[in-house]
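Only one chain comes next, encoded as structure tokens, the form predicted on its own.
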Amino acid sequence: MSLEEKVKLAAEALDARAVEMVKWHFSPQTGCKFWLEWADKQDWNPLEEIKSFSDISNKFPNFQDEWLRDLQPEVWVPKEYEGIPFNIFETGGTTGMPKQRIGWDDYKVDYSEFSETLTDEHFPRNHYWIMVGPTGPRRLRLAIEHLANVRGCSCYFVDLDPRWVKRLIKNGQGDQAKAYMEHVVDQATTIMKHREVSAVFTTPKLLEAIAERFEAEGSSLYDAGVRGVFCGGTTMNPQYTRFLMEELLENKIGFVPTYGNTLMGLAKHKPFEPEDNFSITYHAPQPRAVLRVVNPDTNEPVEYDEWGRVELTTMTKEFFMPRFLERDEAKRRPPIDPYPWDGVAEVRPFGAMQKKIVEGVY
């Protein structure tokens, strides 16, 4: 089947998904309180007027942060999930009330599917992983542990509080931020020296710090037994990606960049080809979630290889979130054979070229 045919089929599947999920979330028999009450206030009927994904892009306004910050979590419970205890996951919230998303099994679906993209060479089964990153109220800890378990592995954890790091940096307390980072690296390297660990999930800056610690002691991540690395964070430009792959991982350790969050799930990266020149492109877990790169003034998609703001639409039975403007910007990239829909490339904080962004340990 040609790429053009795959793109057409993926678009048809997306349209069908859009209709199905709108019917689910806006029908009195299955919908949640928030969307049923929201629809009652509109002068149009989503059940009748949403016939494709483009209708969602054209008819729904941007989903608002405040809806997840200000409202009690039960307003998002679909009727068929009533009475079933839910997880509460947080995202953001460096200051003030964080956004909260409830859920049941979406993260398991996302990460079980992601497991199929991993190789046994770099992520051997029935072994041990370590995650060095935010746990606490975020779904990432449960997601990484589930991914490890799917592959027959168990996972060690070193907690990180990015909110504290950002506060220290904003307050000009760089020495304390550095000390906290050293504390996290101490914990991670201690485990890696005394336990068998073949896979690491962490942020780019922490990966660099951990690798430098081993190097200072005359060793390396590869010598320590690491064979695969997941690297999640916002900014990994081509120059930095090349440094990670060639210098830190010595072209011997499998490198899997990840882009995901509590509201979307987990996007998969385009397999690296020489012509990419270390530019990372991510493709959303469509049709459960859709990423568009739009002009922030018109909300229309930009041309391929142009910069724009990342817009996310999530469509599962657990959660419907149309047209949420992420705090990220990226280049729009065309569909590829494994993922026949648009991708987002070289993701970085929105407005990164115009103002200083505090990313902390990311």
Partner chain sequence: MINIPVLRWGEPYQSLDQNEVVHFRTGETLAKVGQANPGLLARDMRKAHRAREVLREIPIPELVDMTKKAADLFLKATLPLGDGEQSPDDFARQQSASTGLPEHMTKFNMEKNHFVLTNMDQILDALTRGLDLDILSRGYGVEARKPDLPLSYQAQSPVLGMVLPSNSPGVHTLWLPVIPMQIGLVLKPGPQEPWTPYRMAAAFVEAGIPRECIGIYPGGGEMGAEVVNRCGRVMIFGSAQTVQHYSGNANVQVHGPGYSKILLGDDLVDQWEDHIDLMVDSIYKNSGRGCINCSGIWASRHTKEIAEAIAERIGPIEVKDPEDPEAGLAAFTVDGQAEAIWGMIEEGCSEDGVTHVTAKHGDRLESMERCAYIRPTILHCDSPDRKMANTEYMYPFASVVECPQEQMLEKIGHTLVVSAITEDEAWAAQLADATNVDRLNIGPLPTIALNWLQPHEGNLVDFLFRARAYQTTPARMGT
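Numbering follows the first chain given and starts at 1. Nothing here was measured: the structure is a model prediction, and the numbers come from that model.
Keep in mind the form predicted together with its partner chain is missing from the figure; the text below concerns it.
Across the options 109-117, 263-271, 159-167, 277-285, residues that bring heavy atoms within 4.5 Å of its partner chain in the predicted bound form belong to 277-285. Think of it this way: in the predicted bound form, its partner chain has a heavy atom of just one of T190, N171, S154, Q239 within 4.5 Å, and the residue is Q239. E212 is the sole member of D223, E80, E121, E212 with a non-hydrogen atom lying within 4.5 angstroms of its partner chain in the predicted bound form.
Using a 4.5 angstroms limit between non-hydrogen atoms, E145 is distant from its partner chain in the predicted bound form.
In the predicted bound form, its partner chain sits within 4.5 Å of a heavy atom belonging to L248.
Contact between E90 and its partner chain in the predicted bound form is not found at the 4.5 Å heavy atom cutoff.
In the predicted bound form, its partner chain stays beyond 4.5 Å of every heavy atom belonging to Y180.
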